[in-house]
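Heads up, the chain below is alone and in the form predicted alone; it's given as structure tokens.
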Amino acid sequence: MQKKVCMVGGFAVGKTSLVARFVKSIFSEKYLTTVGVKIDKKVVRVNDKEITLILWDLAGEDEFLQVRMSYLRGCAGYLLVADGTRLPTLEKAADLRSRIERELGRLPFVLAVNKLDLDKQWEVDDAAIRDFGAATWVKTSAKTGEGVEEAFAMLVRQTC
């Protein structure tokens, strides 16, 4: 069984780093902008079933780049990523969620608030995360790996 999962979020929130940590167990301090979409695969086991995740890492959303909703068509769900050190990225995530729901309807998603390794610099607090209204959310760090497996596992469980 295969499931398409998309990574969605603002510019430089750590989408590519989360995928690299999840798929290859690596982290790089080098920042490379994703242009368009980058696709990776990982096989996971859920309830004794083997599922191949096709991970679509979409370019960051800002005023210059528009996430193409066509990239999201056919996805089983998405990881909506915000950067805990930048509150506006949580607002951008809310906007993206609204656009996705308007164009594609409600899809399973998990809110991942990334960069937990920089928690002393966080602008996003638990109240802001709760106010976001996501049924499932997790704090992650692509750098240390904290919460990464959990975020993807939560999403996969929602799509099964």
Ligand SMILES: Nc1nc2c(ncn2[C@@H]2O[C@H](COP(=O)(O)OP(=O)(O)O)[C@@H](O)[C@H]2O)c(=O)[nH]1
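Quantities reported herein were computed from a predicted structural model and do not represent experimental measurements. Residue positions are given as counts along the sequence shown, with the first one as 1.
Note that the form predicted together with the named molecule isn't included here; everything after this is about it.
Note on the interface: of 124-132, 41-49, 110-118, 88-96, the segment with non-hydrogen atoms within 4.5 angstroms of the named molecule in the predicted complex is 110-118.
Within 4.5 Å of some heavy atom of the named molecule in the predicted complex lies at least one heavy atom of G10. Although the partner is absent here, K143 sits close enough that one of its heavy atoms falls within 4.5 Å of the named molecule in the predicted complex.
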